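Encoded as structure tokens, the following chain is the form predicted alone, with no partner shown.
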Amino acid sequence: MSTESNLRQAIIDSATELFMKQGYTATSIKQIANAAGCKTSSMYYYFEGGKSDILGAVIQSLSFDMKHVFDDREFETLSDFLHYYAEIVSEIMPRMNRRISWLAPEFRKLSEKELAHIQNQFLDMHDSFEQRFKALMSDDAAANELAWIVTCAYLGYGNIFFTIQMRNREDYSLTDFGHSLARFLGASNA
């Protein structure tokens, strides 16, 4: 990796750590620059939009774990894909939730541009699901709807069982959730 790429990544990593510790709105550009070992002017070289663009890069890097789920693997049925996805997400989501738990309390404080970074990641996730479902379903409109159902279902599980720690009161694992979702959605689309 070049020095330029290293500094850009150092800025993203430093910002991620600071956001996790003190939140996005409480973190300044100067704090990120200090943590990354660079001048604030260097940060604007990589992120012209300042802290907002850094947030976008942080969100993108945090969602990277989910990207490999949509690899070139082929599935014969929707149910096969949903069961596979349940296993993958069960491995990834607990770690991801720890890395993004700082984000939810920030939503009301974010500008439209800052919110757009987060919204775009969810739209990308939806689009990835939709493309996968279109290959497994004959109805494109149903594939779009199912992509929203799956995206919202997993987001909801994460918020309920991780963010508000429902898992401390109820034993319904992410794996069980994913396989139940796969059974119900697979059966309804068979």
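The model shown is predicted, which means the values in this text are computed figures rather than measured ones. Between two forms, the rigid core is defined as the largest C-alpha subset superposing within 1.5 Å. So that there is no doubt, residue numbering starts at 1 and follows the sequence shown.
Another form, the form predicted in complex with the DNA, is not on view; read the next lines as being about it.
- Taking 62, 160, 38, 137 one by one, only a single residue has any non-hydrogen atom within 4.5 Å of the DNA in the predicted bound form, and it is 38.
- In short, of 119 to 127, 28 to 36, 152 to 160, 138 to 146 it is 28 to 36 that has heavy atoms within 4.5 Å of the DNA in the predicted bound form.
- Within this chain, residue 46 lines the site of the DNA in the predicted bound form, having a heavy atom no more than 4.5 Å away.
- The Cα position of residue 134 differs by less than 2 Å between the shown form and the other one after fitting on the rigid core.
- Residue displacement note: residue 22 has its CA displaced by at least 2 Å between the shown form and the other one (rigid core superposed).
- In the predicted bound form, the Cα atoms of residue 54 and residue 126 sit 3 Å or more farther from each other than they do here.
- In contrast to the form presented, in the predicted bound form the C-alpha positions of residue 162 and residue 22 draw closer by 3 Å or more.
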